[in-house]
Each structure stands twice: as C-alpha cells, then as structure tokens.
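There is one chain below, alone, in structure tokens, taken in the form predicted alone.
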Amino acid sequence: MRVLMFGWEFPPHITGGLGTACFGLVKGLTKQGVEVIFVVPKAYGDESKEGFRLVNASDMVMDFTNVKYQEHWNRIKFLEIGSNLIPYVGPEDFERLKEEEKLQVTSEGQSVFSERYQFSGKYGINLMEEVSRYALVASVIAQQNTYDVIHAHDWLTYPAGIAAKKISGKPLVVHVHATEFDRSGENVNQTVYNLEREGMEEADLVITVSHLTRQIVIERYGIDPEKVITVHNAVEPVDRPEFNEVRKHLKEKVVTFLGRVTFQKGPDYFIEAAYKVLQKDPDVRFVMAGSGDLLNKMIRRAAQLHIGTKFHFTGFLKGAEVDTMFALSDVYVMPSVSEPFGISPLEAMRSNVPVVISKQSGVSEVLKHALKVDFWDIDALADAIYGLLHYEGLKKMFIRYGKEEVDNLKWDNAAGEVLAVYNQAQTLVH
C-alpha cells in the first residue's frame, strides 16, 4: 500500500508533539510495508528519511494555465481571507512576529498564486496564506503521484487532503491531534473550527488520538460516530547511554513542565502548585521548558509569588535537549486543561522519570502508573509532586512499572491500527 501523507512539521524542525507523532507513525508504517510519500511545507534537508519519501512543497512550481485546478483556485481565494491568524500566539508575540516578517524580504511580494512559493513552515502571520497555498500544491502533487490512500494531519493540512481527494478520487483519512476547543477553550476561532469540521466531514474516516478527543469530534463537530476511530499515540524507544551520564550540578530536586506555555497546557496551575510545594520544602527547583503566549505572564507570576530564584524558564527545547532535561528531572508534570493525548509524559517515563498528569488528558486513558489529578486541583497537584519527591518507595514503584508500561506503547502497534483504518477506508470508496 502507498499513502500520500500531508503534515505541517517533521523532526528535527518541530514546535510540539505533532511532528513527533508524525515521525513515529511514519516509521511504524514503513515497518508494516507501507510506502509513505510525506509532504511538508518546507524541508530543511536534515530530516530523517528512513524508508519513506519526503516532498518539499516549497519546491513545487505551479502552472496556472492548467484548467484542472480551476476549482481549487476558487477555494484558495476563500481561504486567503483573514490570513492574520496564528494559533498559540497571543497579542504580545503578534506584534513581534509582524516586525520579524517585515525583515524577511524574501517573502515580500509573494502570492498564493505565484508560480513558486517559499513556505516558512511556521505558525507566522501568513499562516492562512500558507495553508491556502499548501492546498493548491497538494492538488498538483496528487496529480503527479500514485497512491491508495490520503492521510492529512491536523487542520492545517485538511484543505490539502480535500484537494488531493477531489483530484484523485482516493479515500481521505484525517487525523485529529487536537481540536480548536483544546487550544482555545470555548473562545474558538470560527475560521479554524470551520476548516476542522469541513476536513472531518469530507474525510472517509477520522482518526482521533484518544477517546476524549473522539467525543469532542462527535459532540462538538457533529461527525458520524461510525467514521471516528481512536488510535492512541505511542513513543519512540530511545537508547542513548550518554544521558545516563548526565549529572546535576544542583543539590535540590528538579520538577519539570515541558510543553507550549499556553492556556491548553495549564502552566498557571504548575506555578501555583510549585508555590505550595516550596512552602513545605524550599529545596526544590522548578523548570518551565517551552514557549507560548502565556510565558511572560508566568514569569511575572513567579516573581509575584517570590519564587523566581527557584524557577527556571528555558525557552523551547527539542531533540537531545529534551532528553537532557528529563535526565536532570526528578518529577515531570503535565497539568493540561485539555490534552487530546500528550506524548511528553511517555518520553519522561521512558527516561525513568515519574509523572503527574491531569485527568483531562488523553494519555491518562492508556497509563496506569502515573499520578492523575484534576488540572484545577492545585492542592492535589502539589501533594502528588511532594509525594514523588519525598517517598522513595512510591517514586521507585512509578519509575519501575512506568518504564515497563511505556516500553509496550510502540509506534509499530499504533501503525498497525492505522493500517487497518486505511484498509477500511478503501472498502468504503470501492
């Protein structure tokens, strides 16, 4: 089987769990004998290409005399409206991004309808313009390649998946890694919501990363339950002996939050719980690793609570930096308000770090050996952190059984379930 897959990011150039999940799934699929053509807006040349073909949308040259794509041009004109849309970015960062964009003269004068378009592949102020162009490029790639199934990851690529389906007539599977309700709560961006819903409606089958997300898809987007299938994420095995040699230069224990510093991830609950832990034990260090629209607010809050000397803000970490951070950590905390899945706790447990996660996360569906609390219950969160820091027997139990549990959550197994979805999608079309 051959799959045409559309993604927005791919390691090592990632902003979160989406790229990590795509990489793990693609590797798992290739082991199942599936040929994958993976399309990204912008390739950098240093991506891993183990057993699959990576297509750089920025290399595509468009021929606008080809009438085959007239229908898609009309769709793209609609998508170009309101291009100043940036998920995950708040007002403070928006002005900074606008100034940075002015300095990038290579992008000036570009149009969705230019013969060649250089994608940034980021979540910048021209995001909707890039989503639009990506859909147009998808129609050309769909015409030029042979494949059995189309697979689109997250709302950014749903228009591309729909365009490929219209051109080829092949079945479309869309993968829901997060919804607008996860990212924004009830203050949804209607444009993003509409794109998500259209992608799910046009898809032959929808994959969700948890039962939690499946319910949101059914209840909030009105999608037929018969076509929504849950496939839980997994984690890449890691064997890096050098991280066993990492030594802390601090005598204090280290508690880590790693993720986007946004409403969805609950960083404010982490700060408040840290304050409570420090009231009981001042010999603890807290790390907030990540970037996002709430970062400045979190820094200010730590200062207001007078715990700034016990708090470290590292900025965004990736690759080996993440592994090093886990090697330095004694406890990992994911207090997400709404988390479709959450791969980072698996990465922490893989590194022998006990974890505290919110009950409002998809990963809580598959983990037994993790302490689970309601995201809003700061007292319970603080107690869980304190317990893992001070009760050695508890900590050892969660490390030992947690590692065994995570080692059995393999992308090969998830890929097998996704392959079954592909086979089912083909039967629906034929």
Partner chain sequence: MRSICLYFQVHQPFRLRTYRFFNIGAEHNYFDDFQNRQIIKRVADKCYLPANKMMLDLIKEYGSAFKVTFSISGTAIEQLQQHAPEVIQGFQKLARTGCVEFLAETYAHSLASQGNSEEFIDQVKQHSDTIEQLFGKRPKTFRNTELIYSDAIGEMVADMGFNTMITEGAKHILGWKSPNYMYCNSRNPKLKLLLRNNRLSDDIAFRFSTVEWPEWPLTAEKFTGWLNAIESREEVVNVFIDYETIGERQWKETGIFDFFKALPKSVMSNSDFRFATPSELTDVLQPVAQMHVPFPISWADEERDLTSWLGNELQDEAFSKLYSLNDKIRKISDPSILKDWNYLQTSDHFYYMCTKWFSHGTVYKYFNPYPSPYEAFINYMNVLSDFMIRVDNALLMEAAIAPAPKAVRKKAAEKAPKTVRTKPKTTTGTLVEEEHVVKSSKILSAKKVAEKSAKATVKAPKEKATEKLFSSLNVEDIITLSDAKVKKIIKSMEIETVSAAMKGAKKEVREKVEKNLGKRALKTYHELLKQIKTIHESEIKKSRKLFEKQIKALIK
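Numbering follows the first chain given and starts at 1. In this text, all values refer to a predicted model and were calculated from it rather than measured experimentally.
Absent from the display: the form predicted in complex with the partner chain. The rest refers to it.
Contact with the partner chain in the predicted complex, defined as any heavy atom within 4.5 Å, is confined among 148 to 156, 272 to 280, 177 to 185, 213 to 221 to 272 to 280. With a 4.5 Å cutoff on heavy atoms, residue 370 counts as touching the partner chain in the predicted complex.
Although the partner is absent here, residue 55 lies well away from the partner chain in the predicted complex, with no heavy atom inside 4.5 Å. Taking non-hydrogen atoms only, residue 27 never approaches the partner chain to within 4.5 angstroms in the predicted complex. When contacts are judged by a 4.5 Å heavy atom cut-off, residue 34 does not count as touching the partner chain in the predicted complex.
Contact annotation for 366 to 391: residues with any non-hydrogen atom within 4.5 angstroms of the partner chain in the predicted complex are 368, 369, 370, 371, 372, 377, 379, 380, 382, 383, 384, 386, 387, 391, listed in sequence order.
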